[in-house]
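Only one chain comes next, encoded as structure tokens, the form predicted alone.
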């Protein structure tokens, strides 16, 4: 694979999953760590990615700008957000993860909605706090600079003490064999306990993430009640998930 092709692949994976690991890129592209390291450095020097230890982040993590224009698939994520709002009922207690799709959901909530939102995502919390009728509970602990979300034992313990009406997860990858997966260990541990602490679990994913997987397992498909994409629920690409008993929206 030529350098231009490698770097295009890296950018696409970053746009799709927000984070890439150097080890995963080496395996996927079948090149050395030195090659990937040089590619990441060139992309970072040209302002296209954020290089971090062991991999890279997309530009959506470049700052706390709530209206960041570097969001990949923004139109699709706005469609998903509008669909997800239909599941949020008056006076519900809702637990949400981080991610750009969750941010779109947070800023799209109807002004008249009265509910309680619990999150450790800094951008989502700021959006919720601007809503006139939303009560906000912050899950506090150490902040992950990679994901802009609180992580660690204290955050996990607080989430374990909850039993909420609805958990809404922005997910990185989902497929029939592996279920829901991620590439961030700390975030994956949070999502596991979020699922366990919720009566119903909603997964939000643009269609490009369907039938993809990442190295860290979060849960089997049986733990997901709803899957929301920008696609029509009857789209053939989602048929296998419907057969698994997941409600498609």
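Between two forms, the rigid core is the largest collection of C-alphas that superpose within 1.5 Å. Numbering follows the first chain given and starts at 1. None of these values were measured; they are calculated from a predicted model.
The same protein also exists as the form predicted in complex with the DNA; that form is not shown, yet it is the one meant from here on.
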item	value
The DNA contact in the model of the complex: residue 54, any heavy atom under 4.5 Å	yes
Interface membership of residue 33, the DNA in the model of the complex, 4.5 Å heavy atom rule	yes
Proximity of residue 13 to the DNA in the model of the complex, heavy atoms at 4.5 Å	no
Interface membership of residue 41, the DNA in the model of the complex, 4.5 Å heavy atom rule	yes
3, 6 and 37 all contacting the DNA in the model of the complex, non-hydrogen atom within 4.5 Å	yes
Segment assignment from 178-186, 219-227, 204-212, 45-53: heavy atom within 4.5 Å of the DNA in the model of the complex	45-53
Shift of residue 21 between this form and the one not shown at or above 2 Å (CA, core fit)	yes
Large Cα move at residue 52 between this form and the one not shown, threshold 2 Å, rigid core	yes
Residue 31 C-alpha relocation of at least 2 Å between this form and the one not shown, rigid core basis	yes
Residue 20 and residue 106, C-alpha gap in the model of the complex relative to this structure (3 Å or more)	closer
